[in-house]
Every structure is written in C-alpha cells, then in structure tokens.
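This document starts with two versions of one protein chain, written out as structure tokens and named structure 1 and structure 2.
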Structure 1
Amino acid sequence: MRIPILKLHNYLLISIQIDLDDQSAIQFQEDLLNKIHKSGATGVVIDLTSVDIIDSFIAKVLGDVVTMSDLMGARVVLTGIQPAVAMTLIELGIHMQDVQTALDLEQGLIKLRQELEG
C-alpha cells in the first residue's frame, strides 16, 4: 500500500497511517524522493502519529529519507513521534540531532515555515 504524499505550496505533507513493513518503507522512500524532484518542494512534514512501533530497518529507512531529502534541498520536520518510537530510535543508535521535530502536523508546518522563510 502506498503512502499518500500531498503538496501544499512548496511543502509536501505525509501522514503515515499504516503499519510500515520493509517493502512499504522502501516504496515510500522512492515515492517521496521522486515527488521532491518533480515538485521542487523545499520542505517536508512527515507525521508519525499513527506509528506505534518501529524496527531497525524502518528506523534506518526513515533516517535515510531525512538525509536524502536534505541532499535534494528539502528540509524535513518529523511530527507526532510516539514515546516507543523515540526510545527505539535511540536504542538503535539512530540519532537525529539535525532533524526538526514537532508535536503535531500544525506545529510541524509552523516550524518548517519559520526555518525556510525566516
């Protein structure tokens, strides 16, 4: 199942509403990078509110998505990170110090706008 990627002005909005498996995570990575390339988006908000658990592969793909998006000129804000997901990321050694986070989608958009538009 594909994860919908919505465009709002120069931003892409993604709300992950499914349990991510390896295949859907890789498909999401490819879809997002292609959408950034085609749309010229400068910012991405990825909402993880519905993601309750995460394994090492999904965590790595998520970290890679952030890095790859940045390389393509799009800043990423992660929103709605659940406590179990945050703990798993740290336990797996995936530190996202340079990644902006926010409590919810609305705050993520505000943070992205402040960062990109000053």
Structure 2
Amino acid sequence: MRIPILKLHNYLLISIQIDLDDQSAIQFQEDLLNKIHKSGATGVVIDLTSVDIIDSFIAKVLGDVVTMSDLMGARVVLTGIQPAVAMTLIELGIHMQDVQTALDLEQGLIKLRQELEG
C-alpha cells in the first residue's frame, strides 16, 4: 500500500492512515526521499494521529527517515503521536531523542515555519 505525500509550498505533508506493515514502511521511506529530492522541499510533517501502534521496526524506519531527510536538507516533524503509542515506545526502550515533534499537523507546520523561516 502506498502512502500519499502532499506538497504545500516548500513542505511535504503526510498523514499515515494505515496499519503500517514493514514493506509499506520501507516503501514510504523510499517515496519520501525521492519526493524531497524532486521537489526540493525543506520541511516535512508526518502526522501519526491515526497510528495506534509503533513497534521497534517502524520506530527504526521513522528514525531513519528523519536522519536521511535531514541529510538531504529537509527538516522533519512528527505530529499527533497518541498517548498510548508514546508510552509503549518508552517502555520498549525507544527514545527518539533527535526527533522533532508537535501536537498536531497545524502545530507541526508552525514549528517548521519558525525554524526554517526564522
């Protein structure tokens, strides 16, 4: 299953609406990097409001996406992480320290704008 990536000015917006299997997660990683490359986007918001599970594999893919996008010059913000998902991640031992987060898509965009446009 392909996850749609929307473009808004210099930003890319993604809302993950499916229960991510490993293959879809990897596909998403690839699609996003290609899209950053093609569009020259400087910021990315990945909204996780509908995601009710993040296990160690998906966490690794998301963490990698952030690092890789950063290497390509695009800042990523993850938004809408559910309380249950946040608690589970910490108990799994996954801290995602270098990852920027915000409450929802709107806050994510505000955060990007503040950082990138000063």
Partner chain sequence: MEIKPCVNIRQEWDIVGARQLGREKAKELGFGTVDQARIATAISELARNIYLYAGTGKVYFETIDRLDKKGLKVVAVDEGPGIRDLSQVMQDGYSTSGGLGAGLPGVKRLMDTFEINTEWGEGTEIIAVKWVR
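This one's a predicted model, so the numbers in the text were calculated from it and none came from an experiment. Definition used throughout: the rigid core is the maximal C-alpha set that superposes within 1.5 Å between two forms. Counting starts at 1 with the first residue of structure 1 and goes up one by one along its sequence. Only residues modelled in both forms are compared.
- Here the chain taken from the form predicted in complex with the partner chain appears as structure 2, while structure 1 comes from elsewhere.
- Once both forms are fitted on their core, a CA shift of 2 Å or more is seen for Asp98 between the two structures.
- Taking only residues common to both forms and fitting on the rigid core, the CA shifts of 2 Å or more between the two structures cluster into a single run of 3 or more residues at 87-99.
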